[in-house]
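Only one chain is included here, represented as structure tokens and corresponding to the form predicted on its own.
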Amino acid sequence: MSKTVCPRCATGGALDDYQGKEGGKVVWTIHRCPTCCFSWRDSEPASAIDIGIRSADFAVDAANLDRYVKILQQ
């Protein structure tokens, strides 16, 4: 399990969903949080993925996920 911390809910263990490669070398990775389902690319600007810089307005309380509305597909 990854030690990558989710920039939205601050939990560790993000999964690596995909790696973009150029010339056989990894140039970016898409991570996905199994706790809050947020996905992000590690090459995005710090304002979007750095938990210390990212606006708290976009944070999710991982300890209280039931408080958020869930949209279900039919």
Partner chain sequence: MMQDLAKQSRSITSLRDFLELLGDAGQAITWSERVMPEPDVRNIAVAASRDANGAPAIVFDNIAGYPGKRTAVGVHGSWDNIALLLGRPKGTTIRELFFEIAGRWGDAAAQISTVPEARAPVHECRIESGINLYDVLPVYRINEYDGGFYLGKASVASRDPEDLDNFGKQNVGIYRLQLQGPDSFTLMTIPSHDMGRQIMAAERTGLPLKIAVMLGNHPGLAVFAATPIGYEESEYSYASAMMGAPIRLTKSGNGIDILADSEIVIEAEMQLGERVLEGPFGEFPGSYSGVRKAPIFKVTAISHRKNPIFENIYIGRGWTEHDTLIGLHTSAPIYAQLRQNFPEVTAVNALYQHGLTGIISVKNRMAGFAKTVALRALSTPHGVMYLKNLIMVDADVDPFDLNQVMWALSTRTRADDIIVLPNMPAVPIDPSAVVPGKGHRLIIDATSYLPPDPVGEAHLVTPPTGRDIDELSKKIRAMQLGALQ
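Numbering follows the first chain given and starts at 1. In this text, all values refer to a predicted model and were calculated from it rather than measured experimentally.
Here the subject shifts to the form predicted in complex with its partner chain, a form of this protein not shown in this document.
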property	result
Proximity of G20 to its partner chain in the predicted complex, heavy atoms at 4.5 Å	yes
In the predicted complex, K70 touching its partner chain (heavy atom, 4.5 Å)	yes
Distance check, L65 to its partner chain in the predicted complex, heavy atom within 4.5 Å	yes
